[in-house]
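Shown here is one chain on its own, the form predicted alone, set out as structure tokens.
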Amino acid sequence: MEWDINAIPHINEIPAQHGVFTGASAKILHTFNERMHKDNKIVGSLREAIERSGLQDGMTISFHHHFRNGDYIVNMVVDELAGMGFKNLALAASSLTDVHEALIPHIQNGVITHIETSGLRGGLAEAISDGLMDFPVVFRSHGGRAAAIESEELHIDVAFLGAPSCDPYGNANGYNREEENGSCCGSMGYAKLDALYADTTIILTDHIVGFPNAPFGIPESNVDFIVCVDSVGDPKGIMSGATRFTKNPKELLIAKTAADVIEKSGYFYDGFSMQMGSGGASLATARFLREKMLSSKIKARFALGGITGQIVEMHEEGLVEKILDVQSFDLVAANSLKNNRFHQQIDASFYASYSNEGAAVNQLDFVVLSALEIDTQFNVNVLTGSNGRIRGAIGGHPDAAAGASLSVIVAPLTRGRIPSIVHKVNTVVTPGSTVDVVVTDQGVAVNPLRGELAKRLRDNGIPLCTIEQLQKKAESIVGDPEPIHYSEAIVGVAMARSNSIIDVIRRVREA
């Protein structure tokens, strides 16, 4: 086949004198230090960054929740947007917590009219449960949110992302290598995807550091503007009640039983992979597994998900080879990223997107997850309380349950006068088809879909009962709760991992 050189674009622009190229821009002769000061992405104020972003009424803004209850960014930005007169904005935060109660007046005034998130807590959750918004809140799992962003089902116009350190060109991270104190949130796994797909990405930081801020969580190629603020968050706030260490005898019993189940399940071997949830019993399970690993002389190939100091300690003593961190649950985990080569921050798609066949949740041997309610079909609720009101977060619960070879749900049989095992959960978040074992302080039930697992556990001395027996036992202790009376008004929509609707949350009707 012969090529026509004249078909090459711009071929006629080749200069007559060979070897002379005249299309390049003028060479910059500034020093490296001069360039950092003259040519960078730092703007003078948050307002200027918003004005230059092209944000308009009706667009979608996004935030990450790595600061958890110590976050300053969401309230700061929405206050500024309200002062600038914006209306009808959609707020797509990876999660919202108690500290975001300050959003209520902005919802009432029409600044924020739509919310997409993984969870709601505190006063904001209460107000939305009471019908604060005209449009239902859309709740997605972390993996579902990632897939929605990737597919443009959730399009982000402007992402506002808090970062504890950033260089003048936008290389941002969740810690500051040059300073021991100051803001710190660790992995920026949920922020990474927002930065990649948003039309405009604005980094808010309280520490400008020298280029290159490496290793970085977010690269400069995904950043448009940088704003210096007094503080992006309180690092103490990332340690919430959900990541507490338990001394509760009931939770310790559950944790020990869960560790025994895992040991005898066939998924506990040299080189296994795991994810541990953030509840008290889930965290305690890791402690019991550590003892079993030491006695059996086995190691984990990797630990995944929201990472705690416990997992870091196991990594540093050689029991866990590698850590894949999408969110740091405490300051030990956050600071570990600075020091441990094989502690890697990953984005939400790598972690759990259902459209990503190589997602890390699909490589899990087992996961241990908490629950507010489990029903006799093994469906799990982690989003609404026993009163039917919003009080939690979907998080990565359905993603990890679906991906792991063994999903273990841990919960006390009752909490006070409230049963955890019920006929039907208030809100289906994780479908029972993906749940393998339920461990309570009063017994262990295996999903009938996993007959071979039940036999293996029985053969190894783990006593089992049915989920119906657990439900009846809970009922005999606390009685059958009065049914919740709902109105027709829908205040929330729970999306399945695949981003189809799995359930709706209706407003509770006053008695």
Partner chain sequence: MRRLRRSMLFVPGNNPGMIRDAYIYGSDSIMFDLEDSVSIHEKDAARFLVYNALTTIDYGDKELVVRINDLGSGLGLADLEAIVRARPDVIRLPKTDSAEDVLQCEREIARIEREAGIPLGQTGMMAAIETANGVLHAYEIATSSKRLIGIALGAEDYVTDLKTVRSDGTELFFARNMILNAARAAQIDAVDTVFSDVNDEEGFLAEARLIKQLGFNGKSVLNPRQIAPLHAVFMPSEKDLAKARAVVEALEEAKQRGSGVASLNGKMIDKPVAMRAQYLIELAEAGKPATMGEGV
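If you're wondering where the values come from, they're calculated on a predicted model, not measured in any experiment. Numbering follows the first chain given and starts at 1.
What comes next is about the form predicted together with its partner chain, which is not displayed.
S.K.: For this chain shown on its own, do G110, G123 and R507 all sit within 4.5 Å of its partner chain in the model of the complex, going by heavy atoms?
M.R.: Zero of three within 4.5 Å in the model of the complex.
S.K.: Among E313, D157, D441, D365, which has at least one heavy atom within 4.5 Å of its partner chain in the model of the complex?
M.R.: If I apply the 4.5 Å criterion carefully, the residue I get is D441.
S.K.: Name the single residue among S231, N335, S386, T414 that comes within 4.5 Å of its partner chain in the model of the complex, judging by heavy atoms.
M.R.: Selected residue: T414.
S.K.: So, in the model of the complex, is L470 in contact with its partner chain at a 4.5 angstroms heavy atom limit?
M.R.: Close contact exists here: in the model of the complex, L470 approaches its partner chain to within 4.5 Å, heavy atoms only.
S.K.: Tell me, yes or no, whether P249 is in contact with its partner chain in the model of the complex, where a contact means a heavy atom of each within 4.5 Å.
M.R.: Residue-level check for P249: yes, a contact with its partner chain.
S.K.: Counting only non-hydrogen atoms and a 4.5 angstroms cut-off, does L253 reach its partner chain in the model of the complex?
M.R.: Residue-level check for L253: yes, a contact with its partner chain.
S.K.: Should S273 be classed as touching its partner chain in the model of the complex when contacts are defined as heavy atoms within 4.5 Å?
M.R.: No, S273 sits far enough from its partner chain in the model of the complex that none of its heavy atoms falls within 4.5 Å.
S.K.: Go through 479-487, 43-51, 453-461, 29-37 and give me the stretch that gets within 4.5 Å of its partner chain in the model of the complex, heavy atoms only.
M.R.: Contact-bearing stretch, as computed: 453-461.
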